[in-house]
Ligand code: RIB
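Take a look at this single chain, the form predicted alone, given in structure tokens.
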């Protein structure tokens, strides 16, 4: 049983919500200790997460808003599209109660009170995690693992991939702090996440479940597909959450990860180098069992008794 804190910028790309749904549907494997939100309107993001948890009967899981601005406070909020909450929140949700704790305080409290037991699954910009490490450096040696959906190497799947990834680009200074901290990290980059997706056929299977959570998932994905004008969307964040449950779904290589923070064109780029033992290497996912992951994801999401 993994004890997990999910740190997320839920509400923009629907994959964050799908990752939370997967966590909700994986009660046999993980104990969801908290959800923390980051980047942009963190209170709105927290209410989206809280509504999903409430529908699933997990109202006792705390949802704590975190840091809205990048760490250096000199970069714009990226990816805030204005549709956040559309198709999810209604006026009846105005009274949803989110935690009075700040996300950073909650992360520190959980990790330091349950030493060696908490896995931080970070599927948004890394601002909350970096601030937690700055405030309490002992997090690095007391967290069980940090799993990051972020970055791109372009080493194993060709140069047709983007050269920067959104979560890192939103706050490269925060990413640099986390990757250089020495904490045990698994990085789930675009190199693997762009291989996995959900489409309208999959939505039909989920819709057939007819549970409140399944209905909400379908509504959220359909709204997102309408906004982006596609018939599919990638499962970046659910893959990262899945790795916390079943690491065998991916192949990893130990590497040293550097984050560019100063280049005119390269700021936010992740650079993967061969790791030396003294480098505190990062486990970088370089391949994924696409069919195995998709089966895992759909089985969990479509189950009524997970």
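Numbering follows the first chain given and starts at 1. Quantities reported herein were computed from a predicted structural model and do not represent experimental measurements.
Omitted from view is the form predicted in complex with alpha-D-ribofuranose (RIB), to which the following refers.
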* To do: Would you kindly say which of 183, 221, 196, 190 lies with a heavy atom within 4.5 Å of alpha-D-ribofuranose (RIB) in the predicted complex?
  => 190
* Report the residue, out of 123, 111, 146, 174, that has at least one non-hydrogen atom within 4.5 angstroms of alpha-D-ribofuranose (RIB) in the predicted complex. => 123
* Asked: Exactly one stretch in 80-88, 211-219, 164-172, 137-145 has heavy atoms within 4.5 Å of alpha-D-ribofuranose (RIB) in the predicted complex; which is it?
  -> 164-172
* Structure fact -> When alpha-D-ribofuranose (RIB) is considered in the predicted complex, the residues of 1-40 having a heavy atom within 4.5 Å of it are 9, 13, 15, 16
